[in-house]
Every structure is written in structure tokens, then in C-alpha cells.
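Considered here are two forms of the same protein chain, supplied as C-alpha cells in two stand-alone entries, structure 1 and structure 2.
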Structure 1
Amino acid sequence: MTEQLFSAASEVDRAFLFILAFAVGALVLVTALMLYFSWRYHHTRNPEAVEIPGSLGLELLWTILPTAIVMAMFWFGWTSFKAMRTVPEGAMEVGVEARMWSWAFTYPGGRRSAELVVPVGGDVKLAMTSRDVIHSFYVPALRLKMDTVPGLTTTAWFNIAAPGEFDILCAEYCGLKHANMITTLRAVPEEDFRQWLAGADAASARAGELFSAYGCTACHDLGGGQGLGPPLDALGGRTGDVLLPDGGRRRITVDADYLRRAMLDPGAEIAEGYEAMMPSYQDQIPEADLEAMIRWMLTGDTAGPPPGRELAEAEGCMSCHSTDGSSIAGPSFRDLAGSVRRVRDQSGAVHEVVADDAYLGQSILDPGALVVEGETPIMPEYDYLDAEQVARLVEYIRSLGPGGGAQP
């Protein structure tokens, strides 16, 4: 068994071992005596039975002694439960919302995530509820489970002593994809957690931090202005001439490979009009940051996957809508935008609609208004998303093809 990383769960494990020891002992004793007596007093060995109507002493013994033992079992069970339930003061509170069939975690400051990222050694309190039916938040590695109930807030807490990743499962039957409602609890060092908490939605600010952290902004401007080196924004697709060390010159189109070469081996191709004075950043920038910076320079946009994709993951859309055309529990996002759909309105009448931006947006905010024929009306309302978030999701859906129909 791997080391238990949550102190209260260690108490639970100890209670379990205590109970198991006595339980197995009782089973072995009863079974052994039963089998032994059956053999020793078989009628071929013991033709005359001896009448023994009872024994008050024995009855008292095996009533009182087991009572004392099970009361101890109750006690260890209860104290370990209390340890799991007693939230320390000052714990960071994370909201948990369970729904068919995904989890949404909301952090102080409003960041939402589909995974539960927490700092190592930090007390975390979960304030949990459900959007639809009863689910149950279960982390087997931490011996932690608590139902999430619509209309109620239930709580749980933990503190993880070392980095690691743990499965979060749903433990209350909730329908079709109850077995697939799995996400991850990720304990990371505190500094990494702080960065994670601050990042990703402020992607541009993050990119700015990277260029500043690695010293690029000492010579390059991020907003189109001139400096010792070329400006770095919106470079993707731009053409220009570069001079080679052997005196030759070449026409290049700026792409990811060129930018990578420019950062790791800047002397190999000098942009025309600039001095050859940029140092190499070989082995100085982690790959993830390198990719983020390259992406920013190409698109001038966020340093991450298409913006709507992260939001779609965080809100759990992907647990019901695939991106590859397959059907999970709702229409696939692939080739959805601009397609023609048969939908049923609330009176039961059937209409044909084009899945344009307006339709997609309404499907997110009020999915029950028009239900695609053949689908069950189980999609929850996402009416708490603001207009910008809805637009981002719609843009993401459009990016999955075939496009078109982007009417206002």
C-alpha cells in the first residue's frame, strides 16, 4: 500500500485494521471450531450426544466481551470520521459542482477548472453541491467521500502531504455515464499552484510575463514598436529577408520553425536591418514556455489552446459532446456549426433550424427551449455564463467545422 498522504485518512486506515483484526479472528475461530467439532463429534467417533442446554457463564462471556470489542470499533470508527469532518481554520475553500456527468471546481477569485488542483501541504475545504441529481465526490486514495445533493451544500476537507495525482470518482448512481464521471485531483507544489491559479485566463498577461522573465523585452517590443530587435507581435505569415553568416541571403516566411531557430540559434539567420547581437536561448527556456511564446508571436493571441476549448472543458461540455463526430450523450460538436437540425420546441412542434451563432448560444443558455429530435432533454442550463463566455464557446464549436452560418 502506498503511503497515506492525508493524516485524517491514516486514522481511518488504523480503524480499519483494528476492525479487520478482530473480525478475521472471530471468523477463523468460529470456522475452525465448527469444522473441528463436525469432525471430532461425528457420530462414528461420538455415538452418544451429551445434552448441554446452556451455560449462563459462557453466554455472559460471549455477550459482554464482544460488546466491549464492538464498542471500541464504534469509537475508532467515530473518531476517525470526526477527523475527516473537522475542517481546520483558514482552509482554502473550493466550490464543487457535480452534474451529469462532470465536475466543476471554482476557486477563490473565480477561476473554474475541470480538475481539482491543490497546493501540497495546504488545507483545502470543499463546499459541494449538485446541479441535477445526487452525485458523490469520492477520492479513494484519501478515503474521502461525501454526497453532493441538489439544494444543499455538503462539505469535506483534506490536506495532501506530497505531490501526486489521484482519481476523483462519482460514487452515487446518476445514470448513463455514472462510471465515466472521472476527473483528477492534482497536488502540486505551492508555487506552481499559485501560478496555475493566476494563469491561463490571463493568457496574454502571462505571455507578457514570459517575455519579460526571459529578458526579451529588453530588446524587443511586444506592441509593434522598434527596438534593438524586431517587434514580436503578429509575426505569423510575415515575409522578410535574412542574412546568413556566409554572406548569403534568403527569403523567409515567419512560421513556428523559424521562430524556434531564431530563439535557439539566432546567429544563423539575421533579420535584415538588424545587428547580429542576440544571444542564444538554447537550454534556457522550458519547452512549454517556448511553445507559448512562439504561439503568441504567431497569432498575437492567447498562449494556449483555442480559447473556447478550455472553457468547454472546464464547464464539462466534453463529457457529453464529442469533437470527433461520435455520439456520447448529445450531438457531437464536429460539423455542428452551420448544419441543419430538426428540433422540437416546448409545445412538441418540430422545426428545422440552421445551427447558427444565435441557435448555438441559445442552446447553451436555454437548452430546453429547442431539443434536437431524437435526443433526451437532459442538458443542464448554462445560464450563468456571460455573453463573452458564450461567444467563446460558440467560436470553439465553429472551429470544429464545417463553419459557415456565422450570422449574428
Structure 2
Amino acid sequence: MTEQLFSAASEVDRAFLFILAFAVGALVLVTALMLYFSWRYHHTRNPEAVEIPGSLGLELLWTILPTAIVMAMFWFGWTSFKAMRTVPEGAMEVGVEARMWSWAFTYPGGRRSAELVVPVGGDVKLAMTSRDVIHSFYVPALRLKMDTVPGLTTTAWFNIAAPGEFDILCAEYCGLKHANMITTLRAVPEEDFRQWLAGADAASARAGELFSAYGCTACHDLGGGQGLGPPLDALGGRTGDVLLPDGGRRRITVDADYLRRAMLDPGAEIAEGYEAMMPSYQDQIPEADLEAMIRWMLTGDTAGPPPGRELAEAEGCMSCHSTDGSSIAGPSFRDLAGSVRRVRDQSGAVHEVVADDAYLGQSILDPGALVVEGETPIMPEYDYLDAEQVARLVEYIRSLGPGGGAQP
């Protein structure tokens, strides 16, 4: 079992271990009796059947003992259920909205995000619902699982004793991309949570603090000077040669994809004139910090993602739409704006349209009106978004088009 990070998890684990012990014990007992009876009453030892009279003691035993076991199982189950359902007074309430195929979390003050961020040691109450079908909010590390039902608000609560990141899954099959319905529960110190809730996320920290925190400044200079590795400032658009593991070389233009590869798999492309000594930062830098560092190296700006990107993440768009040209469940946002699309309207007619602002806005609010040929019409309507929010999403998609300039 994983570490008990949630106080009520001990009750759940106790109920589980009791039931497991009983099941294993019953299996061993029944198997042993079966083997013994097969030997003891084999026809070679009992060629003639005899009547075995009843036993009041045995009848009482197999009535009282199962009853006691069932009552004990009920008690352990009830105490664990009560611990998981009794929300402490003063718990911070976070709204949870499930939809195919993403989670959205709304905090006091109105902040909305696609991952659940909570303070370490703080009691958190979840008020959960669904916009389409039944989903199930499941955090294995906390032994926490609760269905989210359309038109109904279900509740659960938890607290976390230590910082860390934990998976949030959907435990109820909910459609084609059910496996994509995964996000993160991030527990951070109280002060970090207050800053995050106020909007001062780690991704907006100074570049120097980020690069220093991950040890980059030990080998790289941020002001153009030489070090053991290349300087990191104003790299966007630069060209240069890199050496490949097979001894070859190729010319590259520095962009977001190249910088990401250089940080996560530095041995794959070595800048000419430098040694292959940089360690990989794969799974060591949170995505928000990684994006901020790449953005600074390209533009000198450490601001957070474009407002439209933050909204797209919060609304779960990234569960089905990539930003790098790859296919998930719907068309990629990369180079979508301005492209020509073959679509099928509600009458079944197929024609071509240009993905301009009007088309993109309609696709967000009423995705069933024009379905891209070859795509499955699975996207839900986002008709609850206001005009300003739709405009932000359209602007973000447009920024990822040819020459848009935004980093995915």
C-alpha cells in the first residue's frame, strides 16, 4: 500500500486489510476442510453410506460465527465510510466539474484550473458534478473515490500531510477517450498555495530564480557570456550546427521544440563546440516551470501562458486537441487557424470552409454544426462561455497558426 497521506485513509486501509484477512483465512480453511473430507470420507474407507446425525453445536457455530464476521465487516466499513464522509468545519470548498474528457476545478474567488492545487495540511471539501455523463473522481493515493452525476452535487473531503503530486483518474467508463481523463492533484505549502490562488504561480517567477533553482547557471550564463554550456539568452530564431550520436551533424533553428529536446534529452543533439556533459531533466522540472524557462530563452519573457492557453487548459480542451500537430481525439490546434477544412454540415452536405475567427468561435459554441470530415462528432458544446472567453480561445488557436509565434 502507498503511504497514508490522508488521515481517513487509515480507516479505509483497516477495513480493506480486515476483509482481505478474512477472505484469505476462509480460503485456507475451506481448502483444508475440502482436502481433509476428501481423504477422511473417501469411498475406500466408507464403502457403505451412513447417516451422520445433526450437531447443535456445529449449527450454532456456523450461524453465530458468520454473523459475527459480517457485523465486524460492517463496523469496519461503517467507520471508514463515516471518516470519509464527515467534512470538518471550515474546510475550503472547491468545485469539481467533470465532462468528457477532462476535469475543471473552481476555487474560492473564482479561479479555475485543470489541475487540483491544495495547501498541505488544509481540509478541502469537493463539491462535484458532471456536465454530461456519470464520471468517478478517483485519487488512488488518498483512497478517495466518488461519482460525479449530472444534475446532482456529490461531496467528498480530504487533507494531505505532505507535499507532492498525485494522479486523479476517472474510475467510471465514460466514452471514447475515458483513458485521457487524467489530471494532477498538487499539494503545496500554505504560502505557495496562497500565491498560486492570487495568480503568482511558479511559472511567473524570475528567470534567474528558475534557472538557478534547477542548477542551470552552474554551466550556462544568462547574460551572453561563455560557460561550460552555451549562453541561454535571446536564443529564439538563432541557427547553428548540432552533432548527432551517430557522428553526423545538422543545421537547426532554435525554437521551442528544440529547447525542450535540449533539456529533456540533451545527448541527442550536442551544440557544436561543447561537450556532451549535460544531464537530462526528464521528469525533473514541472511543466509550468519548463514552459516559463523555454519562453524566456526565446523571448526574454517569463510570463505565464497566454490567457487563452490557461482557459483552454481549464476547460479541458487539451484532453482532445494537441498543440504540436499530433492527433488525439480532435484536430490539433497547431496550424489550425487559417487552414481550409472539409466539413459536413447537419444536412450531411460536405463543403470546404476557411478556419477563420467566425468558424473557430462556432466550433467552440456549437461543434455539431460543422464537423470536420473524418472526425467523430464527440465534442460537447461550450455554450456557457461568454463572448470574451471565446475570443481568448480563438486568439490562442490563431497564435498557434502559421507564423503565429506562440509557444505550445
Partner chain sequence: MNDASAAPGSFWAARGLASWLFTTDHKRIGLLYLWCVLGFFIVGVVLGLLIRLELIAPGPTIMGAQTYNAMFTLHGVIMIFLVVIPSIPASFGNIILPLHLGAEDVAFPRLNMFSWWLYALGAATALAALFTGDGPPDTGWTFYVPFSAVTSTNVSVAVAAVFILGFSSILTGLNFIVTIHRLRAPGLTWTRLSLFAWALYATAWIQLLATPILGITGLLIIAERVLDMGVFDPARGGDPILYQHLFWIYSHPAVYIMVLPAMGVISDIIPVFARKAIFGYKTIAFSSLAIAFAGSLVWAHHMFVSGMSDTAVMVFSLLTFVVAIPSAVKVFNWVSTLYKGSIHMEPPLVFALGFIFLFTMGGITGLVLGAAGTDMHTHDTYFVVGHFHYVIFGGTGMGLFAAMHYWLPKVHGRMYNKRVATWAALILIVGMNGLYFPMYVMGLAGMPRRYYDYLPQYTAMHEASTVGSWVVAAGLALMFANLWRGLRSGPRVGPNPWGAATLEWTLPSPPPAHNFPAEPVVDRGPYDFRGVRADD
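For numbering, take structure 1's sequence and count from 1. Throughout, rigid core stands for the largest set of C-alpha atoms superposing within 1.5 Å between the two forms. Note that the coordinates shown come from a computational prediction; the quantities given were computed from them, not determined experimentally.
- Of the two copies shown, the first one, structure 1, is the form predicted together with its partner chain.
- For residue 123, the Cα coordinates differ by under 2 angstroms between structures 1 and 2 after the core has been superposed.
- In a rigid-core overlay of the protein, residue 281 has its C-alpha displaced by at least 2 Å between structures 1 and 2.
- Taking the rigid core as fixed, one finds a CA shift for residue 224 of 2 Å or more between structures 1 and 2.
- Core-based alignment between structures 1 and 2 gives a C-alpha movement of 2.6 Å at residue 355.
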